[in-house]
Each structure stands twice: as C-alpha cells, then as structure tokens.
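Quick heads-up: it's one chain on its own, the form predicted alone, in structure tokens.
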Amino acid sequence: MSVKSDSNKLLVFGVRVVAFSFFPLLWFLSQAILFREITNKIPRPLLIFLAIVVGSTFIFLLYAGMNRIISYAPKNYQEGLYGAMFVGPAIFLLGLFLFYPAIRTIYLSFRDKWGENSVGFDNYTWAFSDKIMQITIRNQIIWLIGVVTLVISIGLIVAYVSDKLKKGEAIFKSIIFLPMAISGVGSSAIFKFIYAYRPPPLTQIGFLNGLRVTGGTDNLGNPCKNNIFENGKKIDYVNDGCTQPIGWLQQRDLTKFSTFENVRPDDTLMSWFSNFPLNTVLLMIIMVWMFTGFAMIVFSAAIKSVPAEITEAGRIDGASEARIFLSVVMPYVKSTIVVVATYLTVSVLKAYDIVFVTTRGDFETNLLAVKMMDEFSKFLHFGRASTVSILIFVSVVPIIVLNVFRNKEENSL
C-alpha cells in the first residue's frame, strides 16, 4: 500500500512538472520564436490578425494539452490538478510580465546608460542631487499632498451636501461625476485652452486670459478689451494701464502679479510666497476636477450607510450639521477615506498624461512618471529610467503596508 502511495505521489509530481512547467514553457517559447521570426517580415495588419488567430489557437492547445496530461494522474488527485491548471498559466504570466520586469528594473538601476556596466549607487545619488530631479520630487510631493487632500475634502463635502437634497440629487451627482467620463488627455486638452496664453497684441483665446485683459481702462481712460471691434474701431489691451495676459502654464512663480513684483530679498515671508509654484498647482487642479466625482460617489455610498438614528439623536441633542458631520459621519466613513486616499495616491504617482499634454514637463512642472519616460525614450539612459521607476515603486510600498495592517486590524475586531 505504501509503495502504491509513493508511486502515485511520484506520478502526480511528474504530471505537475510536465503540465505546469515543461509544457507551458514549450508553449510560450514556440510562440515567442514564431513571432520573433515573422514580426519584421509581414505587414502589421496581417501580424495583428495572426496574433489573434494563432494566439487563440495556442491558448486552446495549452489547456487541451494540460488537460490531457492531467488525465494520466490518479483520479483522486485530478480535481486539485484541474484547479491548478487554470491558476498556473495566470501565475506564469504574472511572473513573466510582472515579477521578472520588476527584478530586471532593480538590476538596471545599478547599471550605466546602456545597462552594460555596474555603477553602484551613482544613479540613486543622481536622483537626489540633480537639480531637475529635486524639482521633480518636490512637484511629486506637492501633487501627493494637494491632490489627495483636495479631492477627499471636496468629495466629502459635496457628497454630504448632495445627500441632503430633496430633489435633483441624481442630476447634481451626474454633473459632478461627468469629468470621470473624460480621458486624462481630453481633460488636459480642455484645461490647456482655459490656461492658453498668446503674446500681445494677439487675441487671447484662453478663458483666464480672456477675462484678465477684458475690463478696466488704460492710463488715458480708454477701455481695455480683447481685440474687439466696436463702431469700426479696434479696442485692445496693449496700452499702458491695461492688465496684461499671463502665461499660466509657463509661470514658475508669482512674480508676474503686481503684489509680488517688487518683493525685497530680505522680506522672507513675501519671498517664500512669491516662489509659489503656480503652474504646478494649476496642473493639479485638472486631476482634482477629474477625480472629485469619483470620491463623491464612493463617499456618498458610505454616508448613506450611516444609521439615521444616530444622526437624528445628534440633532435632537442640539448638534449643528458641522458637528454631526465631524463627530458622527466621519468616524463611519474613515475606512472609506483610507481606500480612496490609497487609490488617489497610486493615481498621482503614475500621473503622466496631464503633464505630457500640457507642458511636456517643461517650466519646472515635471513628475516622476514623465521623468522616467524622458530618461528612457528621450535621453536613452536605461539606468536612470530604472532608478526613477524604483522611486515610484518605493513610494507605493508604504501605502500597501498601511492597507495590509489596516485590514488585519479590521479583521481582528
């Protein structure tokens, strides 16, 4: 009996090795070699068609082959093997396209430009000593603090207020949620027109500059307008005394505003305010506009789950709506806030399209994701690109650890 049991275990082990290791590896290598040979030899549309047809056929052959191999195992072991048959390819592909690239990226972060020679920690020294990288890290921190805080704050307030509406709640929430239906590229293009700047005396097509140059009078008392013709006469904004347009996305600080034009170097407080990164904050507003609707929907669902008896008891005791919100509603939605904050943090760390579409990272507006792509595709420095990607990954790790401990605490209660 023991010999038969050992024989069955040995057979099952052989089936596992063949079904979940040797056969999938043979399956993958055959596809990789096939498409490597034909990629540059046939037109791209035909290559896509073959990838769909051949790829589907190979997947069918993969599962059919594993199923056939598993059939040779003893019947009392087959159920577990069939379960592993569906999990195995997923783990294999995760390892191939997720874990291996991660390990490879860590390795390349210690290599030179072409990944040929070891440079030790030179790339990490560059990441924290280079002036452009310091500005990029500063911008990333500002985005993390600003976007997460604003989206959660505005989302909570809008969700709480909208739940008090007796009529029109659905319409109001739909309007707030609408930006989520627009892609990051589309939202960036919209705000790029809002922030648009054209040098004088050209007509300002940007919304903010259009408002800025329209209104008031020059030093002679003539009206200032955005190149409008009235009674056959052009009224512009180029005369002395008229408010001039501002390159909002090109504005690294506030020195273009009259309040900060003549700030003395010894005035520490005003100098600090004058260095406010205006263009970076304006780009943050795009992401806040996009994600506030998402936060509102999630918080609204959490707020509706708060027992009405508790809020009514608070009102009977004379508590104001602000006190009910802070002392009753907030504790109930605390876990939801953590979830939303986690999602927003990851979204900010991988933010790419907003900066790329609007400023391309120029004028001190760069973020880590854009910098990583610049080092990889623009400067062709694989070592530094890998280092920046590692910084993004390391920034996400504390958030993941925090959520793991939070889930353990909730499960232990």
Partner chain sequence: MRKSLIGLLLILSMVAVACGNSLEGEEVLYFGAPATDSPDGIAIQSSFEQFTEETGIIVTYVGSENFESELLAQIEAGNPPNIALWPQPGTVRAQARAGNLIPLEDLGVDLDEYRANFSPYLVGLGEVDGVPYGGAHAVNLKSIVWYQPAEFDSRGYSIPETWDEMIALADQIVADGMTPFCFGMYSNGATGWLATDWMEDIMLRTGNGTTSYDQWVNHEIPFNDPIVKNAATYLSQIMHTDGYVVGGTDAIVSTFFGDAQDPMFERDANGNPGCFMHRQASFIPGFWPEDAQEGLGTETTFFAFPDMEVPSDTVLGAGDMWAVLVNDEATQEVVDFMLSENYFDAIATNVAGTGSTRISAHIGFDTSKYWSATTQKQADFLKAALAANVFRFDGSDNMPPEVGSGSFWSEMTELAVQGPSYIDSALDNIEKSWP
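What you see is a predicted model; the values in this text were computed from it and never measured. Residue numbers count along the first chain shown, from 1. For clarity, a rigid core is taken as the largest C-alpha set superposing within 1.5 Å between two forms.
There is also a form predicted together with the partner chain; it is not shown, and the following applies to it.
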Considering the partner chain in the predicted bound form, which of 188, 105, 227, 311 comes within 4.5 Å of it through any heavy atom? 227
Though the partner chain is not shown, can you say which of 92, 197, 77, 260 has a heavy atom within 4.5 Å of it in the predicted bound form? 197
Counting only heavy atoms and a 4.5 Å cutoff, which of 22 to 30, 341 to 349, 43 to 51, 59 to 67 contacts the partner chain in the predicted bound form? 43 to 51
Answer for residue 236 alone: is it within 4.5 Å of the partner chain in the predicted bound form, judged on heavy atom distances? yes
Wondering, does residue 380 line up within 4.5 Å of the partner chain in the predicted bound form on heavy atoms? yes
Hey, in the predicted bound form, does residue 173 get a heavy atom within 4.5 angstroms of the partner chain? no
Given that the partner is absent here, does residue 157 sit within 4.5 Å of the partner chain in the predicted bound form, heavy atoms only? no
Within 4.5 Å of the partner chain in the predicted bound form, counting any non-hydrogen atom, which residues from 346 to 364 show up? 356, 357, 358, 359, 360, 362, 363
Cα displacement of residue 49 between this form and the one not shown reaching 2 Å, rigid core superposed: yes
